[in-house]
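Presented as C-alpha cells, the chain that follows is alone, the form predicted alone.
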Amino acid sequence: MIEVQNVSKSFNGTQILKNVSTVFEEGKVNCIIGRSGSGKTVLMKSIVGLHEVDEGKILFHGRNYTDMKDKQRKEIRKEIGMVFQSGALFDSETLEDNVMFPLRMFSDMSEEECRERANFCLKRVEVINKNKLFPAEISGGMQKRVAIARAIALKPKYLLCDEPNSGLDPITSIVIDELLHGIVKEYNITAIVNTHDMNSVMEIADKIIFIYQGQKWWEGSKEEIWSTDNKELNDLIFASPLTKKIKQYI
C-alpha cells in the first residue's frame, strides 16, 4: 500500500500538484488518469522520489518516504519496479542482460543466480528463446514485455508503470494489460499505472484516480465511473461518439 497525504508540488512558481491525497491499494491495479499536463506524471515521479514534494507525505506501508535519508530511500527503491513509457531498455545489452541489470546492482546473487532469475522473468512475460537478442531486434510490444520482466526481477512490492501501452497497437495493448494484471494478482503487488488509454483502464483498473488541474478530482472503481456526475471526468471519458453511445444504454 502506498499513501499520498496532502502532496503539493510547484515548478518555478507554477503549482502542478495541489493538496493531493489518496491510497494506492495492495494487490490492485490503481490507475491514474487525466489530460496531458494535469499533473499525473509529476505525481508518479514524486511517489518514487524523482521529484521532491513541497508539502505532504508519501508512505510505503506506513514508512514515511518523504522524510527519509538517501540510504533509507535506497532500501525502499529496491522494492519498487518501474516500467517506463519508452521501455528504457539498454540498446547495447542483450535482453537477458537488461533483466539482469537490477539484480547485479541491488542483489547479492551470484552471476549464475542472476541469470537464472532473469530467464525465469523472461519466461513469465512469454519472451522465449530470445535471451541473446538485442532490443532493436524485437518488436515494440516485446520490448515492453522485457521492460516488465526487468521491473519484476527483484520481486517488487510496488510496480509503477508510466503509459505502458504507449505506441502499441490495440491487440498488443491488450496483451500487455493482461500480463500486468496477472502479475499484480499473482504476486499481490501494489501497482500504479499512469495512462491515457481508457480501454486499458476499463479492462484492468481496480481503482481509478482522476487528476484535474493538479488536484484529485474523483476516485472510484471502473463500475462507478459509468454513473459519475463529475463533469470534467465525463468530458474525458465520454469524449468520443462511441463511448457516448455506450453510456446511453447503461
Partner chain sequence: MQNYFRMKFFYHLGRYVLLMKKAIGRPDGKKMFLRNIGKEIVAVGYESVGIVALISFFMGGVMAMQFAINMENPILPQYLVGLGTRDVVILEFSSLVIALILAGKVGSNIASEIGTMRITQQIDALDIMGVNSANYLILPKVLAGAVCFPVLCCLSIITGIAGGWIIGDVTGLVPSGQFVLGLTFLFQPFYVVFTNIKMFLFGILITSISSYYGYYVKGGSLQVGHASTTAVVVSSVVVLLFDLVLTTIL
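Small disclaimer: the values here were computed from a predicted structure and weren't measured. Numbering follows the first chain given and starts at 1.
Here the subject shifts to the form predicted in complex with its partner chain, a form of this protein not shown in this document.
- Only one of 107-115, 164-172, 125-133, 138-146 places residue heavy atoms within 4.5 angstroms of its partner chain in the predicted bound form, namely 107-115.
- Taking non-hydrogen atoms only, Leu179 never approaches its partner chain to within 4.5 angstroms in the predicted bound form.
- In the predicted bound form, its partner chain sits within 4.5 Å of a heavy atom belonging to Leu50.
- Contact annotation: Ile152 falls outside 4.5 Å of its partner chain in the predicted bound form, judged by heavy atom distances.
- Proximity of Phe120 to its partner chain in the predicted bound form falls outside the 4.5 Å heavy atom cutoff.
- The listed set Arg35, His61, Lys45, Lys57 contains one residue whose heavy atoms approach its partner chain in the predicted bound form to within 4.5 Å, identified as Lys45.
- Each of Arg77, Asp91 and Phe101 comes within 4.5 Å of its partner chain in the predicted bound form, counting any heavy atom.
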